[in-house]
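Let's start with one chain on its own, the form predicted on its own, as structure tokens.
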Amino acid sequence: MGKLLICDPVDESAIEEMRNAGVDVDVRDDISAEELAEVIGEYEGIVVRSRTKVPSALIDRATSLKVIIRGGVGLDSIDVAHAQEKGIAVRNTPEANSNAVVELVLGLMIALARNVTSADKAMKEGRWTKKQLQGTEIEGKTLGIIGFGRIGQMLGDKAKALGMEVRACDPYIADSDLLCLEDLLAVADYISLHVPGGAETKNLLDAENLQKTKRGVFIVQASRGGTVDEQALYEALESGQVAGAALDVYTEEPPKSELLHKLVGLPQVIATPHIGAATEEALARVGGEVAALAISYLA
């Protein structure tokens, strides 16, 4: 019977399923990095989500670890290569969060188009600002999707159903319908990023690329913090090159720097605290996939 540590929230039914299958489960879903380093040697498996990082130094202390399970898509918070060198399997749940992220992106796009957050703020302050809040419609607009994997393709399908023209770029997919990044930036009215973190995508939308966009573009960032240059985005918003942005991920979470406080404080920015996968349904799907993986390795 393997011993498993749950480091981030997992659906209760999934925890019960693992225990019923014989996995010895400890739930410490608010464990700090320091506490995790002290106890990780006791476990054959750990479950993490976006909050908990698994760097090489932590892996070196994991003397009994067989598997790291990431409840979610990206693995950039885990030193995968180092884990594999140590003979530790790394697994994730790539399908479970997709719909939740896509629905948030669509909601943020519509909120940007119709000035929803500004209207709500004005009403709560007792101001009737109807004449100042004329918006636009997303139907007929071009959505540029950077990164056309599972989430990008699902977003494209749903955006088309709402009447949007969809163009995408992805250097890892051979498809004649895909554009290069420069051509996509030139035609998109809305841009949504769906790329992994890491050196290849760091500051993918930098000052130079933001200047290649259509003036008045809207940008939605719900993939990985650091893929949009936040200083460059702030300056593009201030100049009007970018009309508005919706941000769910950041280079530091929670945001602490003066730059990030200025960025999220702009009236044309909608900021949410990394809630892309935070739905009841997604949590249940993640739990089911986590349970299946944990049982296969540890039961």
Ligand code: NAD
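Counting begins at 1, following the sequence as shown. Just so it is clear, the model here is predicted, and its values are computed rather than measured.
Keep in mind that the form predicted together with ligand NAD is missing from the display, and what follows is about it.
Which pick from Gly149, Gly107, Gly135, Gly216 sits with a heavy atom within 4.5 Å of ligand NAD in the model of the complex?
-> Selected residue: Gly149.
Work out which of Asp189, Asp79, Asp170, Asp229 lies within 4.5 Å of ligand NAD in the model of the complex, going by heavy atoms.
-> Exactly one listed residue reaches within 4.5 Å, namely Asp170.
Classify Gly156 as contacting or not contacting ligand NAD in the model of the complex by the rule of any non-hydrogen atom within 4.5 angstroms, answering yes or no.
-> Output for Gly156 is no: heavy atoms all beyond 4.5 Å of ligand NAD.
Is there a heavy atom of His274 lying 4.5 Å or less from a heavy atom of ligand NAD in the model of the complex?
-> The answer is yes: His274 has a heavy atom within 4.5 Å of ligand NAD.
According to a 4.5 angstroms non-hydrogen atom cut-off, is Glu44 in contact with ligand NAD in the model of the complex?
-> It does not: once ligand NAD is placed as it appears in the model of the complex, Glu44 has no heavy atom within 4.5 Å of it.
Hey, in the model of the complex, does Glu200 get a heavy atom within 4.5 angstroms of ligand NAD?
-> The answer is yes: Glu200 has a heavy atom within 4.5 Å of ligand NAD.
Ligand NAD in the model of the complex: contacting segment from 23-31, 245-253, 51-59, 260-268, heavy atom within 4.5 Å | Every other range fails; the passing one is 245-253.
So which residues in 15-39, when you check ligand NAD in the model of the complex, have a heavy atom no farther than 4.5 Å from it?
-> Read in sequence order, no residue approaches ligand NAD (within 4.5 Å, in the model of the complex).
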